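Single chain ahead, written as structure tokens, the form predicted alone.
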Amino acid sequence: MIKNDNYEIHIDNSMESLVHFFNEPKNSFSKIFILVDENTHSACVPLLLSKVEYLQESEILEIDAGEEHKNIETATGLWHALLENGADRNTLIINLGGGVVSDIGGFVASTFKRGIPFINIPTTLLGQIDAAVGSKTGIDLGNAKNQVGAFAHPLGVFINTDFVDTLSDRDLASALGEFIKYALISDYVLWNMLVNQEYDRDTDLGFIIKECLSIKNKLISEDLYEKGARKILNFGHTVGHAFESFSMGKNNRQLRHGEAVALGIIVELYISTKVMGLDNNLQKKIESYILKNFSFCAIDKSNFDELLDLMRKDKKNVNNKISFVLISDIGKPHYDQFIDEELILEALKYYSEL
């Protein structure tokens, strides 16, 4: 178990921790809704109900899968569904899914009747190492990611790595993007562990989850509202979010979040060599590892203005200056780095010519 001042994070394939949660007198709810998308409805609800008999009578709320549905229309539909089905302030929402489900589910719960309780049960590896923890909730505004939301604490986070067996190979690989981020902002020990083993379904996922969540939990315990050190968790995300949003509006392959972060790291490593003095050989080594594990998303010069405009909308920006997290070495991240657009364009050109 990992604990902070606001809730506990349980890594427990038996899900006995969730059974104990519902056995506590304080956790008595008037209604329970399980929020799913169409994928987790069929693949994950049966496993959850087989482990936690108490939830057999819960009502299911289903949304369409995919980042493109993390919007105000979906949130409005969920608010109406809660209202029409008699939800009150003592109603619990269980967010059973990946990052989209936990983001929008937490947002809907935190705003319905000015706030009702929720818990997160992440079913993707990316959700388990990152998205379900941290008390961030939100929705996208058009193609600008996470522009509307709130900080809201779940009552708990319950992680079962058996859910990972339901993932496609691509969704499993997507989580590697966030794991690379954690290793690069953490230390050489985690980085060397990552590059010196195969990453597949036989990897010790429980160890990876604990390592990543320990890093994140320490940062959010110190800086919940992202005013300082927590910002380093955004390494790779300024460009990564732009890539992700860009891919949503095109006919080419839509990027998963972790894929976009990994490719964003390539661009941000280039900027790090120019601004922070990151060693070029190390940059190339990390870049090579990313390109070995992720399919390349091609861009050309005609895409640069759109990508730059998406970066201008990033929620981390201040005074219309685009903010980055950069590294000077593995384990040495630097936040609040405001980078001239000329250098960003130079970095995009570098990426486009790989």
Ligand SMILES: NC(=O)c1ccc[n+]([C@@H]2O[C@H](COP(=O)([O-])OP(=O)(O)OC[C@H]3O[C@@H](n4cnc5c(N)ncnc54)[C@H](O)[C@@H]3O)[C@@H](O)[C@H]2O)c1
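As the structure is a computational prediction, the values presented were derived from the model and not from experiment. We number the residues from 1 along the sequence you see.
In what follows, reference is made to the form predicted together with this ligand, a form of this protein that is not presented.
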Exercise. Just to confirm, Thr123 within 4.5 Å of this ligand in the predicted bound form by heavy atoms?
Worked result: yes
Exercise. Would Ala43 sit within 4.5 Å of this ligand in the predicted bound form, counting heavy atoms only?
Worked result: yes
Exercise. Does Leu224 reach this ligand in the predicted bound form if we count a contact as any heavy atom within 4.5 Å?
Worked result: no
Exercise. Might Gly127 be said to contact this ligand in the predicted bound form, defining contact as any heavy atom within 4.5 Å?
Worked result: yes
Exercise. Though this ligand is not shown, can you say which of Ala131, Ile185, Ile271, Leu176 has a heavy atom within 4.5 Å of it in the predicted bound form?
Worked result: Ala131
Exercise. Which pick from Asn303, Asn39, Ser58, Ser323 sits with a heavy atom within 4.5 Å of this ligand in the predicted bound form?
Worked result: Asn39
For this session: May I ask whether Gly99, Thr166 and Glu244 each come within 4.5 Å of this ligand in the predicted bound form, counting any non-hydrogen atom?
Result: yes
For this session: Work out which of the listed stretches, 204-212, 277-285, 86-94, 138-146, brings a heavy atom within 4.5 angstroms of this ligand in the predicted bound form.
Result: 138-146
For this session: Check each residue of 294-309 against this ligand in the predicted bound form and list those with a heavy atom within 4.5 Å, in sequence order.
Result: none
